[in-house]
Structure formats: structure tokens, C-alpha cells
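Have a look below at one chain only, the form predicted on its own, in C-alpha cells format.
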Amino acid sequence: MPQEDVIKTVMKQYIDRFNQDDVEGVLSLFGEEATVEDPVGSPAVEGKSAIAEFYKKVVNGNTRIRLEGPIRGSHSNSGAMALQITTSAEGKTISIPVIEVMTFDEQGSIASMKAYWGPGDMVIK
């Protein structure tokens, strides 16, 4: 099981690489058999090639992540963070407060990422 400091470092790298529009850098943080469920309740994206397709759509030079508090560790192989996701579409700004929970494999790679947000959380201006 990866140490808490490893988990927190990888989660911070996820934010940094996303905000640098570094799709390959984001993907390098995921294990081969990882899953992404964004938002929770939608069909899970399974495997690194499918996750690559997902991130190629959202790491687009237009979407940014802001950490809203400290990254939280656990007594296990997971961590959580509160984020503000901001993007724009059709001339409008969309903000979504999100809680992301990630689990990690033995090598310290992301095994799963779940993003908790609902339609009522979106603010469109």
C-alpha cells in the first residue's frame, strides 16, 4: 500500500498536469487497469486507453482545476480532495464544485478516480 505522502503527491501532480494541459502527464499517473467515474453514477471508463480518450476531451486548454482545501489522506490506499472545476462553453462560464476520491495500487498509480458532483452543483454564468 502506498504511503500517505505518495498519495497526496500524486493527487497534486494530477491537478498540476491537468492545468498544464499535459494529457500524457495526467495519463502517466493512472495504472493500466484503472477506472474513472466522472460523475459518479455515470458508466465507468475502464482501462488506460479508454481513460486516454476521456482526458483528451476534458484536458482542452479551456478547463481548470482549483484545489479548495488540503488534500486528504486515509488509513488505507485512498485520498480525497475538494476542487472547483471551471470551464467555458458557448460563451458561458461553468463552475462545478467537485469532490474527487482516488484509490491507488501498490505502485502508487491511480487505480480509480470518482468525481462526486450533481447537476444541481453546476453554476452557469
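Numbers follow the displayed sequence, beginning with 1. What you see is a predicted model; the values in this text were computed from it and never measured.
Another form exists, predicted in complex with a further copy of the same chain; not displayed. Remarks below refer to it.
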Query raised in the report: So in the predicted complex, does residue 68 come within 4.5 Å of a further copy of the same chain, heavy atom to heavy atom?
Result: yes
Query raised in the report: Counting only non-hydrogen atoms and a 4.5 angstroms cut-off, does residue 48 reach a further copy of the same chain in the predicted complex?
Result: no
Query raised in the report: Wondering, does residue 72 line up within 4.5 Å of a further copy of the same chain in the predicted complex on heavy atoms?
Result: yes
Query raised in the report: Is residue 41 a contact residue for a further copy of the same chain in the predicted complex, using a 4.5 Å heavy atom cut-off?
Result: yes
Report summary line: Interface check vs a further copy of the same chain in the predicted complex: of 98, 94, 58, 52, the one with a heavy atom inside 4.5 Å is 98
Requested in this report: May I ask you to list the residues of 101-118 that have any heavy atom within 4.5 angstroms of a further copy of the same chain in the predicted complex, in sequence order?
Outcome: 101, 116, 117, 118
